[in-house]
Each structure stands twice: as C-alpha cells, then as structure tokens.
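The chain below stands alone and is given in structure tokens; this is the form predicted alone.
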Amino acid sequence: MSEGRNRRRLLLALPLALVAALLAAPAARAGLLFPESGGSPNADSIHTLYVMVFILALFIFVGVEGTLLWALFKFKAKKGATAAQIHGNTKLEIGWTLGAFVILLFITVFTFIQLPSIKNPKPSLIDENGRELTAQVDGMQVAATNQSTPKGPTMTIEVNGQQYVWRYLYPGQDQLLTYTDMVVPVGMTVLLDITADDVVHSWWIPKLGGKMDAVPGYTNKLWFRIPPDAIPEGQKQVVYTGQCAELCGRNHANMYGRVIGMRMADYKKWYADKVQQLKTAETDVAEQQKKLTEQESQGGDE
C-alpha cells in the first residue's frame, strides 16, 4: 500500500475520530452550537447572551471573509498588469477602528444588561407547601450580599465536591445527605453553597445555567429555579444531567451529577422516605454492633 494512500486514510480517520469522541460525550458537549436552556431562568439569559454574540460574530465573519474573497478575485494577477503599491489608508484605518470600538461597546452594554438576570436569583414561584406565589413576590426588592437573596421562600443546599462524587446537604434538622442526585421541588428557587473537600471541582448541570468552581476553603454561590411545567405530562419528575467540569483526577470522567425536579407533594414524600431509610439503617447498624459486642463478650467468657 502506497505511503500517499496511508496518509489520506489517516487524514480522514482523524476528523472522524474527533467527531465520534464528541458524540460520545453528550454531557460535555452541552448543546451543539449554543448552551442548553429551558431548565432555569439564568440558563435562558445565558443562552440569549450567547446567541446575540454569536449572530454578531457571524455577521462580522461573513463581512470580513466576503470582502477578502472579493478582493482576491477582483485584483488577482493579470498578464501585463502591475499591482498598485498602497502604503496605508488613514480614513479606512480610522473607520474599522471606530467600528470595532462600537461593536465592543454594544457587546459590553448588552452583557451588563443581561448579567443581573444571570447572577441574581429570581423569587420562587411556590411557597413551602407548593402553592403558587407569582403574584406576591415578582418585582420585590432583594437584599445585596455576595449573591442576592430574593424575598419569599427559597431552599439552600450545600454542595460539596469530593473525589469523585457530589455530596448534597439539605436544610432542616434532619441534616439529610445525598450523593450524586439532588432532588428539589419545581418552582422553588434553589440557592447553592458550593465548596470542596480535597481538590478543585466544578459543579455544572448545563441546562440549569452556568457552572461554578468548588474550591476547598471557599464557598461559591449559584442558583436555579426549575419551571413548574418542566415535568412532562403524565410523569412525576424531570431529570437534568451534568458532570464535573474541572479536571480533578484520574476518575474525573466518572464524577456525574443529576438534578431531579418534583412537584412539592412528591418532593416531601421523597424527603420523608429518605430520612426514614437513613434512620432505619442507623438503627439496624446499632443493633448489629450490639450483637457483635455481645458475641465477642460471650466468646471472651468461654
């Protein structure tokens, strides 16, 4: 087989392997061209900002490349013709400098307009019992701290990254801990306090908005609110998947995370069942330890 044929096959195999690798990692792709959205208001704002910048960049790309191609064909070399020697064009240089400034100014202004809707949590749409609250809390002023806290009910969950699993601590006296799966009521604004125990991780559920680093010794803030109508008709929950977005060790690729949205009644049932399961497990372990102690004691007496 000739060397040229091998080289052509290698050149064809490389892009195919790259495409296959991308298709095999849907969570990392997080949308083919644009960020995923629809799972939370901040994700929608990120998507809007991304699309605006993409469209603007597309117009600029087409304009620049179109002008370049037009110039290449218009002024291509011809027999007997001598190319004009041009040394700068002051008007043209000032024009594209001002044009670039205006484009950057527009992107900056639009970004700062969108930024509050990405950073500041919106109020919950429901109260602690699942009743709608939209009319009472929309438009209320919010307090200013590291992350604005809207008035009305919210749920704060502590997110802790550990090699290679996510741990969630729920509010309340039960001190409920879960791993990998975070279950929340839809319509409720969920505030996240994100940290880590060992190395730097990054919590990211693409459809729920931006990602946030989990850094040992620091607490970073993030939020989301799943729309009540996100649960498909006839089903009890909606599931959003994600993965650690910071290379955190050799098993980083296995550090998955899921957020499961339920209606308030289903969430309360899940919470009560989970607390009961843990209490039952603790009781069983205590009884087993007691039996082992008694057996060891009896063995010692013999």
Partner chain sequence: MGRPQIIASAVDNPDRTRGWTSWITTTDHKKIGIMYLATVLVFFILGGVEALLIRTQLAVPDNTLLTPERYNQILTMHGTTMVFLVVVPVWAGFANYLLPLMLGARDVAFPRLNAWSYWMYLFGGIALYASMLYSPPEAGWFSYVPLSLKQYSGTNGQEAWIYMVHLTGLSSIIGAINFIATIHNMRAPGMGWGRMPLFVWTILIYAYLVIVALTSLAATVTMLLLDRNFGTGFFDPAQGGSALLWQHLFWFFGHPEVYILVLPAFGVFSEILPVFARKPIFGYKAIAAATVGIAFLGMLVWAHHMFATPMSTTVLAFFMLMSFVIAVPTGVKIFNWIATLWRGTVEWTTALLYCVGGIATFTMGGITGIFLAVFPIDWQLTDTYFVVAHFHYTAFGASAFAMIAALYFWWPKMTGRMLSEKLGKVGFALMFIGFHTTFLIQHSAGLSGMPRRIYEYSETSWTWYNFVSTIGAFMIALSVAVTVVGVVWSLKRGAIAGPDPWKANTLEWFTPSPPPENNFDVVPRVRSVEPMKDIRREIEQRTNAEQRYRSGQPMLH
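Nothing here was measured: the structure is a model prediction, and the numbers come from that model. Residue numbers count along the first chain shown, from 1.
We do not show the form predicted together with the partner chain, though everything after this point is about it.
The closest non-hydrogen atom of residue 65 lies within 4.5 Å of the partner chain in the predicted bound form. The partner chain is not shown here, and in the predicted bound form it never comes within 4.5 Å of any heavy atom of residue 227. At the 4.5 Å threshold, heavy atoms of residue 171 stay clear of the partner chain in the predicted bound form, well away from it. Within 4.5 Å of any heavy atom of the partner chain in the predicted bound form lies no heavy atom of residue 266. Stretch 108 to 116 is the answer when you ask which of 122 to 130, 108 to 116, 150 to 158, 174 to 182 has residues with heavy atoms within 4.5 Å of the partner chain in the predicted bound form.
Of the residues 258, 236, 252, 274, just one reaches the partner chain in the predicted bound form with a heavy atom at 4.5 Å or closer; this is 252. If you take 62 to 99 and check each residue for a heavy atom within 4.5 Å of the partner chain in the predicted bound form, you get 64, 65, 67, 68, 70, 71, 72, 73, 75, 76, 77, 81, 82, 83, 84, 85, 86, 87, 88, 89, 92, 93, 96, 97, in sequence order.
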